[in-house]
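Encoded as structure tokens, the following chain is the form predicted on its own, with no partner shown.
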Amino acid sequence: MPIWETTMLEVSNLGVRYGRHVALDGVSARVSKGEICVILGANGAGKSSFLGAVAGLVGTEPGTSIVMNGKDVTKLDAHLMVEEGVALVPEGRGIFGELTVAENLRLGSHARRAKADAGKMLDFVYGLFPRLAERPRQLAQTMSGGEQQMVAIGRALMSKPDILMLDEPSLGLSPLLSKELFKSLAIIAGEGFGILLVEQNARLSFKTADRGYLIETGRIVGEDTAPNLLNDAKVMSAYLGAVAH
């Protein structure tokens, strides 16, 4: 039995509006334990709005339902969503450049749910990203783009999430670093974390993910297993994007 059969995040009929602009209309998706799920779509399709809404950063329309581990969390603010087990690595990483690696990671463990296991999670992060373990006192702003992404993911993991969400994690990374990043995501999922990511690199993400959603102009227009989507010529021709990696 696949370990992702236990659903942790269930989003139904999600609607997001910015003034007169409808960003998302009736979007539904789910992420389960140990599953990597990718959302693929063009710029402006609503991908980041989806992650922001789930993270409690973006307001939702009436009728939206967001359930986390069986609990209705639709109206919770962002800091409370962290306590419910949702962590977001935003596009651009959002780390604190003037703080050290260790200080950035420590900030991630401030959630109540994370404090008891902060040492265990730090060991996991340093094992996952040995370069961070070698440079705990280095200022984050002096690190390479790939290393900063490690800090951002590590900080999110320090909150001990059930669902790790990432917005364009390979953006700006070299092909080699992108592949290393996705190998790390596979390791994270193997530990039972659910992963939901927005990613332009269709080929690389489908090679790593379990399932995928296709989104166009605020609506889900397709859903399938990642291998099926990867082998669908029409899908790949429409969503190739930056896949020369």
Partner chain sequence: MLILLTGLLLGGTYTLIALGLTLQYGVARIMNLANGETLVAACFVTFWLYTGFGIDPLLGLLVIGPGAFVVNWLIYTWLMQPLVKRASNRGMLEVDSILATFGLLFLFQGLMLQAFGGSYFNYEFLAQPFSIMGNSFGLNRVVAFVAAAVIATGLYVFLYHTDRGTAVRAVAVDPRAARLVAIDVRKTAAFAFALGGAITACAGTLLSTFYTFNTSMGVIFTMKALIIVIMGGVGDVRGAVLAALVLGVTETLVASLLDPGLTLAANYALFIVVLLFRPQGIFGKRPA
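What you are looking at is a predicted structure, and each value in this text was computed from that prediction instead of being measured. Numbering follows the first chain given and starts at 1.
In what follows, reference is made to the form predicted together with the partner chain, a form of this protein that is not presented.
Using a 4.5 angstroms limit between non-hydrogen atoms, L57 touches the partner chain in the predicted bound form. Contact check for R155: a heavy atom falls within 4.5 Å of the partner chain in the predicted bound form. Taking the partner from elsewhere, S174 is found to have every heavy atom lying beyond 4.5 Å of the partner chain in the predicted bound form. Looking at L88, you'd find a heavy atom of it within 4.5 angstroms of the partner chain in the predicted bound form. With the partner chain left out of view, the stretch that reaches within 4.5 Å of it through heavy atoms in the predicted bound form is, among 89-97, 143-151, 67-75, 125-133, 89-97.
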